[in-house]
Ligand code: NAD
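Below you'll find only one chain, the form predicted on its own, shown as structure tokens.
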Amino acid sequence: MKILISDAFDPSLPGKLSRFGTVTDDHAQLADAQVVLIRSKTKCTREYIDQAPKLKLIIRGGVGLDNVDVEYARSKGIEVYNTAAASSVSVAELAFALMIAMPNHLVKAHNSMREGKWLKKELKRTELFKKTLGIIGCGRIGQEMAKRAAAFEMRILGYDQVEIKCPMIEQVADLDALLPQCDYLSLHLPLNPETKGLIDSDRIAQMKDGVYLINTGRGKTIIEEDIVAGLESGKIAGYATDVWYSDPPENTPLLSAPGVLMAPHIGASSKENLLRIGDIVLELVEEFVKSGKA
């Protein structure tokens, strides 16, 4: 069996997988691969899948499958999995770090010190303590975010289309009812027809003045131009994002907008998470081999 590692995983993974067959990172060998391991960079489109006539298993290391044409893959008899359980802590920690950094002006404070400035009076901090956090998308990552917010004694509201089974989150059935209550909003949404462009000018207008937004879900769940307009007007105090319309972003107005804190899609890239992803990949490949489908 040939296993193609198409994107970056922990360096120890190829050695661990070698007991199942030949492991390669040579994309030119796609046509001979029975198993393909991807993260966010590789797009398993119809065209990609058609180049892999022997392909039987796709595993995405991470949350979501929006970069895989799942329906087409399954129509070809290809099994598709992700490793959603692995990434919750890693992404939630980054989201929380972004949320702390914005009202404390950490980036501006650091950069100004390097420039020889002393902005002690200019940089006005605000605390997370007793503020209201709205979590939009309360799955594994959203619930990990809630645990951390609870330690800061924040009030935690949540919106999801299914029942939220987390005692720390007060579920609000209507997103439009949640938005005006929140000092901070953290987006943990998958990308689908219902969530694409969910945060637009109409929704921003319903938010508190001076709200902070954090997005570690999917870039296309917001309308970039509307976020920029909110930042420029002061309606939005800050927008922190780890996710983009494309990796890397192209021609996005966010790169030059005021009040934006940016990261290059590193939410799932902690050392510990890459090891957890590898462990789940090993389990999935082993189960696949044992099933006799290899």
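Just so it is clear, the model here is predicted, and its values are computed rather than measured. So that there is no doubt, residue numbering starts at 1 and follows the sequence shown.
Form predicted in complex with nicotinamide-adenine-dinucleotide (NAD): not shown, discussed below.
Asker: By the heavy atom within 4.5 Å rule, which residue out of C44, V243, L55, I236 makes contact with nicotinamide-adenine-dinucleotide (NAD) in the model of the complex?
Answerer: After the contact test, the surviving option is V243.
Asker: Quick one: of I222, I141, L133, M99, which gets a non-hydrogen atom within 4.5 angstroms of nicotinamide-adenine-dinucleotide (NAD) in the model of the complex?
Answerer: It is I141.
Asker: Could you tell me which stretch in 124-132, 104-112, 205-213, 187-195 has residues with non-hydrogen atoms within 4.5 Å of nicotinamide-adenine-dinucleotide (NAD) in the model of the complex?
Answerer: Careful reading of the contacts points to 187-195.
Asker: Taking heavy atoms and a 4.5 Å cut-off, does Q161 contact nicotinamide-adenine-dinucleotide (NAD) in the model of the complex?
Answerer: Looking in the model of the complex, residue contacts with nicotinamide-adenine-dinucleotide (NAD) include Q161, since a heavy atom lies within 4.5 Å.
Asker: Would V63 sit within 4.5 Å of nicotinamide-adenine-dinucleotide (NAD) in the model of the complex, counting heavy atoms only?
Answerer: So V63 counts as contacting nicotinamide-adenine-dinucleotide (NAD).
Asker: Can M145 be called a contact residue for nicotinamide-adenine-dinucleotide (NAD) in the model of the complex at 4.5 Å between heavy atoms?
Answerer: No - in the model of the complex, heavy atoms of M145 and nicotinamide-adenine-dinucleotide (NAD) never come within 4.5 Å of each other.
Asker: Do G267 and nicotinamide-adenine-dinucleotide (NAD) come within 4.5 Å of each other in the model of the complex, heavy atoms counted?
Answerer: Heavy-atom contact with nicotinamide-adenine-dinucleotide (NAD) at 4.5 Å: present for G267.
Asker: Looking at nicotinamide-adenine-dinucleotide (NAD) in the model of the complex, which residues in 217-242 have at least one heavy atom within 4.5 Å of it?
Answerer: Residues within 4.5 Å: G217, R218, D242.
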